[in-house]
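The chain below stands alone, shown as structure tokens; this is the form predicted alone.
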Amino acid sequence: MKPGALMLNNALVYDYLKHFIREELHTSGFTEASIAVSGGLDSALVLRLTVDALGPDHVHALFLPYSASSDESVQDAHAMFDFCGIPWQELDISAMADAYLAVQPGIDRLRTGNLLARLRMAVIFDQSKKENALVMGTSNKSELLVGYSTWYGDMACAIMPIGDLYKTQVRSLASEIGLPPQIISKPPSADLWAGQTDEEEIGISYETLDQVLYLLADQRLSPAEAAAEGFELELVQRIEHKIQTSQFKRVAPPVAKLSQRTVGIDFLYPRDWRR
């Protein structure tokens, strides 16, 4: 793999993403954006982008902790609100989640994590309706490609500004714009339980994962060709398997075609289409 293949012109990318946010809201008929900040790097970058794109008066920021949320997540979310100089509100989802968990004895950690992600998104969308705002997504390309995200949870949004940036590129861009260093340097975590990290759950470091994903997705190499770039074939095949088995998350639900024009098949218009 060529050195620097994943390097960005950070200043150019940042300006483009601000323009993207403004244009997507404008063409959809909105002026306001809602975003939930977790204390992690991805939501921190999207928050800063959105504030810079729209101005602080048009950004409605939320922090949605659960009783098991780490002190570090709380501190870092608050640090981002201070860094951006914007008002925000905290809505604890513990009572909502615990009411359901109480009638689900033996529920495992994965189901619990998915439940929390979906409850948070339900709250975000409700708050966005109150503010007449579009919901900003915070998923990155690495997560989307390997399916490390909750379907109709953190993947649910109206706009996904960093969905074409690999995690290592997100970190690079965050450093370029001067986000708080403790947020940039801490191990990525969905904060699902104490000590949980994304890389441990995925089973691969983001540095390695992003390089292999770039070869498979961007360069369209076969697993054997990607392995020839300096990676173990078993690792490349494992990553390809993750891409393939999570494809259902990245597409709209299939519709059974019964008529002359079917939504998603031949009734196709741009997002900002108007009669």
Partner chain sequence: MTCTVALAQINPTCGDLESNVKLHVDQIEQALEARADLIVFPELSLTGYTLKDQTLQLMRPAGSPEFAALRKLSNHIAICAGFVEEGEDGIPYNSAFFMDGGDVVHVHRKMYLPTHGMFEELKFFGRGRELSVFDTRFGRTGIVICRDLFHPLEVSTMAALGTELLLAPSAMPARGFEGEQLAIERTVSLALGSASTFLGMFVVYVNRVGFDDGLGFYGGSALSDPVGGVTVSAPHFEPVLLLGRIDSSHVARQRYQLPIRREEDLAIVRHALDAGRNP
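Positions refer to the first chain, counted from 1. Keep in mind that what you see is a predicted model, and the values were worked out from it rather than measured.
Quick note: we don't show the form predicted in complex with its partner chain, though the next part is all about it.
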Would Lys257 sit within 4.5 Å of its partner chain in the model of the complex, counting heavy atoms only?
no
Considering only heavy atoms, tell me if Leu12 and its partner chain come within 4.5 Å of each other in the model of the complex.
yes
Within 4.5 Å of its partner chain in the model of the complex, counting any non-hydrogen atom, which residues from 12-26 show up?
Leu12, Val13, Asp15, Tyr16, His19, Phe20, Glu23, Glu24
